[in-house]
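Here's a solo chain for you in structure tokens, the form predicted on its own.
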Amino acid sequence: MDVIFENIKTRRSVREFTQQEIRKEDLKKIVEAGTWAPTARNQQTFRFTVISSREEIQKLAHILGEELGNSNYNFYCPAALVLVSNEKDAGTNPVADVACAMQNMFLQAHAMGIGSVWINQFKDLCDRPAVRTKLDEYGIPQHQVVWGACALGYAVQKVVEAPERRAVVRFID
């Protein structure tokens, strides 16, 4: 089986990470994979904000947890968190662009033996004052939304095999 297809078939979301850190070179490669994602009209308007300090990740998790009413919120305690932001304007295609970038990062991380999971809560909380203040500190422009975040780390346990796919596929010849 070809390597790319095997990587696609075996990648799974990881929701429990070890304390092992991710080398900066590996983080750079994962994020670079995200930058190569296709974008609407090749606008390339997304931004990647990489947080590799566990202390900073927990500060951010605490802020989101307060907004969500969940004091235990923690992004699954990853070694790194990549915030992927893009324009609010619907004139581009910000959500699809970010989704493509996230998938590239997930697949690259998996190929390197690093687990990942999509963190989805930012998109609804970006404009809350406490969250926006933190995003401003990170240099994320006010006109952008964090449409998704990629939590990265080494899996505590072996990732389980996926069930068979149930997608409906129909060819019209």
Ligand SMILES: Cc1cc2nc3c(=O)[nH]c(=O)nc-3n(C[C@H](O)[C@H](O)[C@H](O)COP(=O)(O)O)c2cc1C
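Small disclaimer: the values here were computed from a predicted structure and weren't measured. Heads up: residue numbers just count along the shown sequence, starting at 1.
Keep in mind the form predicted in complex with the named molecule is missing from the figure; the text below concerns it.
Partner proximity in the model of the complex, defined as non-hydrogen atoms within 4.5 angstroms of the named molecule, places exactly one of 50-58, 117-125, 63-71, 28-36 at the interface: 117-125. Contact check for S13: a non-hydrogen atom falls within 4.5 Å of the named molecule in the model of the complex. The single residue of 68-86 lying near the named molecule in the model of the complex is Y76, the criterion being any heavy atom within 4.5 Å.
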